[in-house]
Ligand SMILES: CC(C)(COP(=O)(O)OP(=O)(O)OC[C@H]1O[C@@H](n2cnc3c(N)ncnc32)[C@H](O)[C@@H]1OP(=O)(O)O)[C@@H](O)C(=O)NCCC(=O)NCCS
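Below you'll find only one chain, the form predicted alone, shown as structure tokens.
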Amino acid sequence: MGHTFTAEKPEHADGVERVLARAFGPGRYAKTSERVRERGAVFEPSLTRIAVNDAGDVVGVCRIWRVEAGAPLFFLGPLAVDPSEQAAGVGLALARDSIAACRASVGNGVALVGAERFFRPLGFTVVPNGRLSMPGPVDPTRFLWLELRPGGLDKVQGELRAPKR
């Protein structure tokens, strides 16, 4: 089955919610990443990517948010794929497409909480100790970032928070 990737639109809302519920369950609201989003991160639907299958169903999502930590930064997540499609490489393709959109928008970098072995092929590395923090506990081995342009992460430091308006 093929997949089409597109920026998130309002008509995807129900499908995205279904994918998130199936992939994470209600526990997703307890994650520290959710605190970042609740505290004023700005959702970027034009940089977010949705995977739609041949039947027109949303089967994956990779959301992007604008945040700040000493300098503007993107925050990736949630990245979720319907369990029935998880072995098809949809998650990595969604993340790659979202990151390309972030790079094209002339962003500094992208931070996320996730498995380093999954995100390493996209260029993510573990955030150096003491450079970034989140509004709650985070496993430092799962706190990752990616520089989108040379020097893009040089001034990034501190807690992820809402971007300046």
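Just count from 1 along the sequence shown to find any residue number. What you see is a predicted model; the values in this text were computed from it and never measured.
One more form of this protein exists, namely the form predicted together with the ligand; it is left out here, but the text below deals with it.
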Would you classify G114 as touching the ligand in the predicted complex, given a 4.5 Å non-hydrogen atom cut-off? yes
Applying a 4.5 Å heavy atom distance criterion, does V81 contact the ligand in the predicted complex? yes
So in the predicted complex, does A23 come within 4.5 Å of the ligand, heavy atom to heavy atom? yes
Look up in the predicted complex whether G91 has a non-hydrogen atom within 4.5 angstroms of the ligand, and give yes or no. yes
Can you tell me which of 44-52, 103-111, 130-138, 116-124 lies within 4.5 Å of the ligand in the predicted complex, counting heavy atoms only? 116-124
Counting only heavy atoms, which residues in 50-67 are within 4.5 Å of the ligand in the predicted complex? none
